[in-house]
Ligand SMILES: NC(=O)c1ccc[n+]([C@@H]2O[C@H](COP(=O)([O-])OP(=O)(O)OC[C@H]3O[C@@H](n4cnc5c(N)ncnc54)[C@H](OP(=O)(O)O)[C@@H]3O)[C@@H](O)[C@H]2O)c1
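Only one chain comes next, encoded as structure tokens, the form predicted alone.
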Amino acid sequence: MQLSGKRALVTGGALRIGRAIVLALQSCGAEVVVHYRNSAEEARKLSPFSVQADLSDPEQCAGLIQQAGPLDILVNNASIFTKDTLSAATPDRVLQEFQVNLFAPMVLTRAFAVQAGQGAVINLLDRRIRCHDTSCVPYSITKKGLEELTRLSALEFAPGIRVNGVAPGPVLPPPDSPSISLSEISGRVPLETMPSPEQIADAALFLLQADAVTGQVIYVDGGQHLLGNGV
């Protein structure tokens, strides 16, 4: 896909990795609609096109594609992360995490396929899809589900829609704990270097432009996924 002149929606696009993807798409000549929940000021600084929606609300999620369209590209980047063990997880928190991290991408991808007919989808995953992290059980399950959704939707919506995933490792400290250094939380990394948001965006751009690639996941994690649970 030639990105110049295309129109993209990036969910959670105002901050962090989403922001890097927005800037990368714009640098290639794409028009980007920045979705946000609370970060209105940041979204409007990035793009003249922005749209607000709370993806934990199924009704708001259902209308997002129509609000943002017509589209050529969908980037399902928005997610929430909680450090919940299986014993500590409450039904409300689990359902909220599933709604934002898995059900919203499913709803948006289906609506995008109907509206666009031709185009590409990128799902932001996590290197944890290759391990069993008992410190964040609901989050891990949602990202593993999103990996499977990536492949299933790649099959169902071919040949018109390509669907791929990018699985980052540790990129930025948690937004609620900015004083924690990345090295403190990253664990072992074979390449001994952490990916940057811009490198995550580069992987997304590659997949968007690779017309013969669908149903694939690129890990941008310094090789951390190769260690499985040994991180």
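Note that the structure is a prediction, hence the values are computed from the model and not measured. Position 1 is the first residue in the sequence shown; the rest follow in order.
One more form of this protein exists, namely the form predicted together with the ligand; it is left out here, but the text below deals with it.
Proximity of residue 62 to the ligand in the model of the complex: non-hydrogen atoms within 4.5 Å are absent; the residue sits far from the partner. Contact check for residue 47: every heavy atom lies farther than 4.5 Å from the ligand in the model of the complex. Contact annotation for residue 24: none of its heavy atoms lies within 4.5 Å of the ligand in the model of the complex. Contact annotation: residue 38 falls within 4.5 Å of the ligand in the model of the complex, judged by heavy atom distances.
Stretch 48 to 56 is the contacting one of 25 to 33, 201 to 209, 65 to 73, 48 to 56, since its residues have non-hydrogen atoms within 4.5 Å of the ligand in the model of the complex.
Applying a 4.5 Å heavy atom cutoff to the ligand in the model of the complex picks out 77, 78, 79, 80 from 71 to 94, in order along the sequence.
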